[in-house]
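The chain that follows stands alone, in the form predicted on its own, written as structure tokens.
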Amino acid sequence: MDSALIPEGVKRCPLPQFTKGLAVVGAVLLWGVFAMLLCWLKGLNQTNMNDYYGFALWIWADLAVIALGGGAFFTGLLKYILGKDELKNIINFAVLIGFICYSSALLILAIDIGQPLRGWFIFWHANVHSMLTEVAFCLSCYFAVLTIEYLPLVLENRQLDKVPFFHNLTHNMHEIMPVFAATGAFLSCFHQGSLGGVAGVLYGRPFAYREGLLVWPWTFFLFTWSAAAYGPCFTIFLTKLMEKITTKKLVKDNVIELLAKISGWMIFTYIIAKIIDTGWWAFRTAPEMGFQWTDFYNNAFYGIWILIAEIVVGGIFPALILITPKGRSSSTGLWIAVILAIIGVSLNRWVMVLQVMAVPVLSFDQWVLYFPSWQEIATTILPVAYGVILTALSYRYLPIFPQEKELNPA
């Protein structure tokens, strides 16, 4: 029965071996579910969040997976709107990654609000003056878009595709997919930006506060830009990781190189904008608020090294590798670049969530550091385990990689 569900013309590992692998990851998943239930049943006292850290590990993870999932909307934009047809061979996997990242983000938020049964208050009693309201609306709507984009892939399962209704529905959905791609890009630009805007408008937190254009601080634009720039690197990283695990070639090199090249130039331009923004904040915004920029880096944990790591190691280095033909065509160079890029954007989100809270802003304040409880760690690992399981099932039973059969003849 299992072999009848596997895409035609490709090989998969024996079902017992596959099941054992899922069982191991499933145990991690159950650990996370147990911690999640503790948070829901006993409350947020299961965490190490306090009056200093109202936002902590969960919100960092939320912002990080949303940024890394940005490869879905940007790859869709490139393929369906800008006509980069080569990306049709990786768009399915990009959509799957986006679906996992955004569903994980919503799950994290459901844990973080403490009373998930009141989650609907966000929509029914919306605070129209809050950027987080716009984030909630756009996140939910874009997840719906990703679900619609992922559905045709599910219906292309070998057995489901035999049903005429499903076959015709899939064909028709593919025909109008550019509409969903454009909608997804629109929604993503706004919620990515608003996540950055939340930090940028915090006048009482000078480390995060930024000037900007009308009501939008510069962080609004930088968050959108960085998601579009770094998201494809996460897609490339997971594609290459899948090839290592399966010992198969899944996507042709020209597809990876095109996505890497575009991502490289996006990171390059983003880092220039980030350096300008940081310089303006350091030498104008912070002094006007009575601070020197070094005041925000005089802690051993949040030292100047973290700024260098974000901009140079996680920004300039991967950008230079990816915009260079020799760099991105090298397997080692590509691995280094995408890993550094993932670390760079994740570090940026960490800084904008945790360092913002850690920096003292009153004369009698001091640096207060934070370490998450095991419940926070477990519930943060929970989406990772869920993502591994869904990726494994999708790869086994759905035509995720259109070029797999061609590249791996039986």
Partner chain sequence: MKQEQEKPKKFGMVIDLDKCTGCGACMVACMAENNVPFKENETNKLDSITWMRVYKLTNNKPFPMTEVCYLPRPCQHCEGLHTGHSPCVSVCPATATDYDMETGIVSQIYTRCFGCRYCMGACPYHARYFNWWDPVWPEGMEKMLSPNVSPRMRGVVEKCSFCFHRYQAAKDKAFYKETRAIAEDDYQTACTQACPAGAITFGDLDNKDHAVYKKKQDPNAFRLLERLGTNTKVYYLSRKEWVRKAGDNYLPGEGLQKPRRIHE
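Everything quoted here is computed from the prediction, not taken from an experiment. Residue numbers count along the first chain shown, from 1.
What comes next is about the form predicted together with the partner chain, which is not displayed.
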What stretch, of 25-33, 378-386, 42-50, 66-74, brings heavy atoms to within 4.5 Å of the partner chain in the predicted complex?
-> 42-50
Would you mind picking the one in 333, 119, 178, 303 that has a heavy atom within 4.5 Å of the partner chain in the predicted complex?
-> 119
Name the single residue among 324, 140, 133, 246 that comes within 4.5 Å of the partner chain in the predicted complex, judging by heavy atoms.
-> 133
Candidate site 83, 174 and 237: all three near the partner chain in the predicted complex by heavy atom within 4.5 Å | no
Taking 4.5 angstroms as the cut-off for heavy atoms, does residue 292 touch the partner chain in the predicted complex?
-> yes
Going by a heavy atom distance of 4.5 Å, is residue 343 a contact of the partner chain in the predicted complex?
-> no
Is residue 126 one of the residues lying within 4.5 Å of the partner chain in the predicted complex, judged by heavy atom distances?
-> yes
Contact test in the predicted complex: residue 144 vs the partner chain, heavy atoms, 4.5 Å | no
Since the partner is left out here, which residues of 94-116 would have a heavy atom within 4.5 Å of the partner chain in the predicted complex?
-> 112, 113, 114, 115
